[in-house]
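The chain below stands alone and is given as structure tokens, in the form predicted on its own.
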């Protein structure tokens, strides 16, 4: 099985277990992330949001064709959740730095799905999380988190703005991922790494 996507030079697919890093300004990477993680028939999506309200995340995915019961959101923004669709599952945490809480809520949402589920995972954004926690702590968390995506046959998409970090931090974090795509104003500028078939 693989995960079909649009926007990487056309229609293509990512292998099960792949984790993709989207880099660029948040306004661009968030849009691309929503496009990529919107679940198709028979799939679900779990999105960790550190910079966008749960209601906007839900709205973006539902506008792209997702059903409410296909969407789970871990909201770390500390904003009040006012998601209208009753089917959307929302878990709220107090801070983007609560990595233990993210792991626990992620596991609970996966338990709802069963072992054979096709799950798209989104994380917007790594840059915001890095403002609330130490680099090595976040690196270890992402290493474990992407390993869970790999072992579970899921597909993960993570957004990061390199302009917010020094080069060492960026290079350390990006090493966790299987593939990387730089998002430019006119769409995706490049795609490097493993796991994609055009």
Partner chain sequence: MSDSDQPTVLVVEDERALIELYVRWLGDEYDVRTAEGGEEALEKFDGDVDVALLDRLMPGMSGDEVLEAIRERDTDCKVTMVTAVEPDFDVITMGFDDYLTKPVEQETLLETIDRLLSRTEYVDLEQELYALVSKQAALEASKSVEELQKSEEFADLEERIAEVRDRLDETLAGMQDDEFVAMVRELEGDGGDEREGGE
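Keep in mind that this is a model prediction, so the values were computed, not measured. Residue numbers count along the first chain shown, from 1.
This protein has a second form, the form predicted together with the partner chain, left out of what is shown; the following refers to that one.
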item: The partner chain: the contacting residue among 99, 93, 88, 119 in the model of the complex [heavy atom, 4.5 Å]; value: 99
item: Joint contact, 107, 145 and 172 to the partner chain in the model of the complex, by non-hydrogen atom at 4.5 Å; value: yes
item: Contact of residue 81 with the partner chain in the model of the complex (heavy atom, 4.5 Å); value: no
item: Any non-hydrogen atom of residue 140 within 4.5 angstroms of the partner chain in the model of the complex; value: yes
item: The partner chain contact at residue 135 in the model of the complex, heavy atom, 4.5 Å; value: yes
item: Partner contact for residue 69 in the model of the complex: the partner chain, 4.5 angstroms, heavy atom; value: no
item: Interface segment, criterion being heavy atoms within 4.5 Å of the partner chain in the model of the complex, picked from 22 to 30, 164 to 172, 39 to 47, 54 to 62; value: 164 to 172
